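One chain follows as structure tokens, the form predicted alone.
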């Protein structure tokens, strides 16, 4: 009998080696990567946990069977299987767009390897050992973030640095809580653990003032690889935070929990709102848009209720639609501008790369929370939920969305500048140099983003059902 937990850990690692050997064949390597992510996502969500499933011959797979690997127990629980399905399906979307916008890059094999490590982080027990796997995943991410011919990526190294700084705090938390079980009268141990937990996850999530890696990683790294980090790796951190709150419910009941989380969220929203419209590089704009989105999710968590938790999970479902589209568009724009995404280099490029421009614009509007986009389906309910108790937060959220849209508008205006002289017109052609395959991929991605915004009834119930698997907010 094959353990489902072990399968989710080993299969992507094996396929990473296969895809690495086939990188010269872009379509085949992308097909294998997308297929692996889709199969694992379907298996995680569709196969039952409590009974074995016949595969072939006498082979059986039992998803819920616990297994010991390297002395640690791997367990697939209900909340984890839904979380992993979200990560696998998101990875499939990244790999699909990488087929046209980042062929032959290390994103495909490294992405599969990261899926194996991040799956292990969600499966391993005790929970504290997940921090070690997250650290290894951050180190592996540097290779995916590094472009083949570019200089060393400062964003990747900064991301690795902040992840490393978070590791000691998470390990000390485990020791403090073990001491508390032996000496329950020492309540100061709980306060110390709560402080360390807040600082550690602030480093991992890029909460202000630890946010500098977020904008840097999108500014100088492979765009789709940075989107992988900001959606899949970041999503894993969010689910680990929820697992910590579920394992230690006294954390969410701590009197300072709501003020600290709300303050962190507001700081991220304010910084993103102020800096997003001032950016002169689309990569930096993408990073500050992600910062606003994460800050809004923290405000939802600070509601300290099941409805707020539902909005957090809905944000994790909706975020990839916008960020991955922005990353794909940014990748195409950099290709046509010689790798430089400054406004001076991008002047008029929109006429030459219309599909990359469309991807970036639609993705940016989704990150800003514009109506009929995927980002709107959770940003508007959050504003409505906060309107009765915290109107200043609602105003800041709306202004942050306007700030991101202003940055998108500035970028679009630069991309669509028309040639002013015959010499310029001969350099920047008005005809598209992107093929029909690229156009088809972008159209499919935009339709999915708009479809998610027009039909939220397909994502909202999934978020609500996943929120119900957590009980730490239950009165």
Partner chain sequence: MPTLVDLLERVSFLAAMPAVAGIFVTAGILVVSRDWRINSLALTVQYFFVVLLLSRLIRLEVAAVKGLIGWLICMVFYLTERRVSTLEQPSPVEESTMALRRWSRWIISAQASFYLLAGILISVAAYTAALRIPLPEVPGDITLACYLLAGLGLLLVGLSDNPMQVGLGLLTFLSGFELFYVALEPSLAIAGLLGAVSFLIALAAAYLRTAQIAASREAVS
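Numbering follows the first chain given and starts at 1. Keep in mind the model is a prediction, meaning the values are calculated, not measured.
Keep in mind that the form predicted in complex with the partner chain is missing from the display, and what follows is about it.
**OP:** Heavy atom within 4.5 Å of the partner chain in the predicted complex: which of 317, 240, 140, 266 fits that? Just give me the one.
**Re:** Contact residue from the list: 140.
Original post:
So which of 184, 209, 255, 151 reaches within 4.5 angstroms of the partner chain in the predicted complex, heavy atom to heavy atom?
Top reply: After the contact test, the surviving option is 151.
Original post:
Only one of 385 to 393, 84 to 92, 160 to 168, 354 to 362 gets a heavy atom within 4.5 Å of the partner chain in the predicted complex; which is it?
Top reply: Stretch with heavy atoms near the partner: 160 to 168.
Original post:
Should residue 306 be counted as a contact of the partner chain in the predicted complex, where contact means heavy atoms within 4.5 Å?
Top reply: Heavy-atom contact with the partner chain at 4.5 Å: absent for residue 306.
Original post:
So in the predicted complex, does any heavy atom of residue 246 sit within 4.5 Å of the partner chain?
Top reply: So residue 246 does not count as contacting the partner chain.
Subject >> 4.5 Å heavy atom contact, residue 250 and the partner chain in the predicted complex >> reply: It does not: once the partner chain is placed as it appears in the predicted complex, residue 250 has no heavy atom within 4.5 Å of it.
Original post:
Heavy atom to heavy atom, is residue 201 within 4.5 Å of the partner chain in the predicted complex?
Top reply: No.
**OP:** Could you list the residues in 178 to 200 that come within 4.5 Å of the partner chain in the predicted complex, counting only heavy atoms and keeping sequence order?
**Re:** The stretch touches the partner through 179 alone.
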